[in-house]
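Take a look at this one chain, the form predicted alone, written out in structure tokens.
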Amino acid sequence: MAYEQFYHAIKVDESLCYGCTHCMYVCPTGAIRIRNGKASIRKEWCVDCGECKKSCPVDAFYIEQDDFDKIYDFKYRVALVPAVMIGQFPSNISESEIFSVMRELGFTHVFQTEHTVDVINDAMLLQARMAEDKPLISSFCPAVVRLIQVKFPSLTDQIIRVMSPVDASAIFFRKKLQDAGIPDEEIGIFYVTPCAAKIAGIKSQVSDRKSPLNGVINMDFLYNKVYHGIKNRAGRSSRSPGENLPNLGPKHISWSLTNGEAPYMKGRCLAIDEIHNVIDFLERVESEEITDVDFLELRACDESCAGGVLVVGNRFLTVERLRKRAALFKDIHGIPEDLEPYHDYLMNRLTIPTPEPRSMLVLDEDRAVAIRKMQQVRKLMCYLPGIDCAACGAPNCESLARDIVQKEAQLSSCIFIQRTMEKHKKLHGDHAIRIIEKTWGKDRLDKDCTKLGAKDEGT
């Protein structure tokens, strides 16, 4: 297809990958193939959910981030910190300690990502009142937005057109600094991200509008630096307390957790997390099995952002800490005082375009050609065994059939077809080995006692 390529933060370190297929089996969009013994990601299908990274036994997947030294390109360096970052730390470490060390690391300002949640909620409720098609679907999780674009394109019009707290808070804080007389070119705002999808969402904006952020920093990277800094200063007084940030209320603290948005929307609202659960539910919505829901809060990670692939701590402990924090500030309600004068300014900038449908199922832009190719896929399925063994380097037989039609694989890639061809003298054994090597790499079938699980593993 002629779509502009998504930006992807997830990469494969081929020096570590040995083509074990764990990632291929868990990928929710079937975006991974094994070629030459290495995992290969189809960029037009990948949604940066991070399932591949979580499943990899050798940590061959990594998530690209901006060089930390990039913050020094700016005189005023802002760290935009989500609540789940705070939830990583033991409860005996205070928010002020965390922010103080972050300033010692080089940031001049620290700001909370969920600060603008009230304005975002107002914009969501306004759009919900005017919407004709239900359920409306939250735009909070960029992995879910991309999932809908590629796997459920008929539902893209139901994605609520309101930007996430990441962008909204960056716009607000930049404006505050500008109003204080600071030139825009001296302001650098960096988001501390719990997942790859948010990096991809920031780098690939859904419109031509320039991102209000200047970069991203992976949460696991910054957590380790901050935690090390706190441990090193134990027993010493704070050297850089910085400004006191306002305490946020339960709504703000819980917004990025499962059931964070749904309680603040009208009508019947459901919150669903973990990407395979999301897919199952969207299939029911698409087939119109479910018609009486007004709003869906969908999150790709188990326990939402607390389960992000870049989150260091246990997701359940993170949720517990944040729920306790929310209860501690249960009396704080309403829009933060410093945000009130900017309410209308933000409301006028929160609307985003409807994401473009980018169906992964379309075999060709020409409808007639696409129909013909689908007929070829169905014909090929008559010959393929339907075992879905993945020995061909594709996740299942139908995926291989589609790859063959798209000239990205051959029927002889199937080892069962190879045996049949050998039986009828249509394929020589040496050729069959070469086909296997093309998928799984040269010498893959040789004895190797050092591989994972073998008797001399790692030696």
Partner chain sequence: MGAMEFRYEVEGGNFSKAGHASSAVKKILKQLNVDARIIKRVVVALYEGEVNVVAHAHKGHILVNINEDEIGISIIDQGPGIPDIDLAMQEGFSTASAAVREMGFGAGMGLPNMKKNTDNFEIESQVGVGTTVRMTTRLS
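Since the structure is predicted, the reported quantities are computational estimates derived from the model, not experimental observations. Residue numbers count along the first chain shown, from 1. Here the rigid core means the biggest group of C-alpha atoms that line up within 1.5 Å when the two forms are laid on top of each other.
Unshown form predicted together with its partner chain; subsequent notes refer to it.
Engineer: Taking the shortest heavy atom distance, is Phe89 within 4.5 Å of its partner chain in the predicted bound form?
Structural biologist: No, Phe89 sits far enough from its partner chain in the predicted bound form that none of its heavy atoms falls within 4.5 Å.
Engineer: Quick one: is Arg33 in contact with its partner chain in the predicted bound form, heavy atoms, 4.5 Å cut-off?
Structural biologist: Outside the cut-off, so no.
Engineer: I'd like to know whether Lys151 contacts its partner chain in the predicted bound form, with contact meaning heavy atoms within 4.5 angstroms.
Structural biologist: Yes, Lys151 sits close enough to its partner chain in the predicted bound form that at least one of its heavy atoms falls within 4.5 Å.
Engineer: Under a 4.5 Å heavy atom criterion, is Ile335 part of the interface with its partner chain in the predicted bound form?
Structural biologist: No, no contact at 4.5 Å.
Engineer: Mind telling me which stretch in 252-260, 220-228, 365-373, 190-198 gets its heavy atoms within 4.5 Å of its partner chain in the predicted bound form?
Structural biologist: Residues of 365-373 come within 4.5 Å of the partner.
Engineer: Only one of Met130, Cys382, Leu361, Ala180 gets a heavy atom within 4.5 Å of its partner chain in the predicted bound form. Which one?
Structural biologist: Comparing distances to its partner chain in the predicted bound form, the residue within 4.5 Å is Leu361.
Engineer: Work out which of Arg378, His276, Arg268, His343 lies within 4.5 Å of its partner chain in the predicted bound form, going by heavy atoms.
Structural biologist: It is Arg378 that has a heavy atom within 4.5 Å of the partner.
Engineer: Across 378-406, which residues bring a heavy atom to within 4.5 Å of its partner chain in the predicted bound form?
Structural biologist: Stretch hits, in order: Arg378, Glu398, Arg402.
Engineer: Once the core is superposed between this form and the one not shown, does Lys379 show a C-alpha displacement of at least 2 Å?
Structural biologist: It does, since the Lys379 C-alpha is displaced 2 Å or more between this form and the one not shown after the core fit.
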